[in-house]
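Have a look below at one chain only, the form predicted on its own, in structure tokens format.
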């Protein structure tokens, strides 16, 4: 198998130590099986299959997502990245023709069990979408929205939580003097950080991000990436990205998907420098995708 040329896939400032990666990869023979080594597992899928009516979108996916790490899903368009991500907080429930087989475990409990309350699950597993979607409300009320839905109305508690969330989203210093301003008046990058603040205000265990930077300029993208590196100390983060350089910059682990299959999973350095599967190598080196 040809080893990918990292100069073609990674920025020089984020070059990977290939020797160290090869040393860590020694003895790993289960290519294509999503294992996280000795890491504590947050989310695990077991023989997960997903159908949209007669069309199958996910095929026997077995993945273990490490706790308190950033895991990136990469692969060509239509490979099932976002579909898999949406399984983790049951967003696919909103699609009438969707049918799921297998298990998705959050802290070893099946989230598709009939006893699970989906609203409570989505508090534990927050989600940020591709395009910023702030509400047509003030910056303060955007962040406080979920708290108010939960019945939190104490002004002091709301103010403290909103400030904490905005600080956590690296937005407080930019908006602290205009919390009453409409959130729609913020720039695209600020809106995306506002949406992240809204999600983390509820203190979820997991934060899902579906191509959160695809609509942003490079400067805004860099701020989001810096933010993710800070947030992983508090949350398990799973990010879908079409940008392999971004995956290399922000993620600890990477899953490569192709045609609805989980092809290969490994720590990010190893997967990008010494992939074990031909399809992974071909994608990373630009032979397809």
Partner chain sequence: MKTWIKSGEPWIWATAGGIAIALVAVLGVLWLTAARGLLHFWPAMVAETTYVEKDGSRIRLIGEIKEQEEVAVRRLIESGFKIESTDKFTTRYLLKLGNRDVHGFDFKWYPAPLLSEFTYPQDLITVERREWGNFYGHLKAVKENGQVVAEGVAALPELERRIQRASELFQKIFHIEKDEIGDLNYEMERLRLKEKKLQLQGKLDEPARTGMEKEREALNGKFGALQARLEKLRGEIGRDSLSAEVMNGQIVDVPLEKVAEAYRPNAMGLVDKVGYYFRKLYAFGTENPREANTEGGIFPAIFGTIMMVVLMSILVMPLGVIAAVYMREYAKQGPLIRIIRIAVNNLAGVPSIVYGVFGLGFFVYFLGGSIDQLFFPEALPAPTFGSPGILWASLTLAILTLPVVIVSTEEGLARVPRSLREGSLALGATKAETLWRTVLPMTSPAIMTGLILAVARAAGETAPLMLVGVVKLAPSLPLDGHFPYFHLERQFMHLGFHIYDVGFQSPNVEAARPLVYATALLLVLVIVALNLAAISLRNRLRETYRGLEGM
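Residue numbers count along the first chain shown, from 1. Fair warning: this is a prediction, and the values are worked out from it, not measured in the lab.
The same protein also has a form predicted together with the partner chain, omitted here; what follows describes it.
You can rule out all but one of 194-202, 77-85, 102-110, 213-221: in the predicted bound form, only 194-202 has residues with a heavy atom within 4.5 Å of the partner chain. For the options 165, 125, 72, 139, the residue carrying a heavy atom within 4.5 angstroms of the partner chain in the predicted bound form is 125. Proximity of residue 95 to the partner chain in the predicted bound form: non-hydrogen atoms within 4.5 Å are present. Contact check for residue 187: every heavy atom lies farther than 4.5 Å from the partner chain in the predicted bound form. Interface membership of residue 157, defined by any non-hydrogen atom within 4.5 Å of the partner chain in the predicted bound form, is ruled out. Remark: residue 91 counts among the residues lining the partner chain in the predicted bound form, judged by a heavy atom distance of 4.5 Å or less. Contacts between stretch 149-187 and the partner chain, counted in the predicted bound form as any heavy atom lying within 4.5 Å, involve 149, 182, 184, listed in sequence order.
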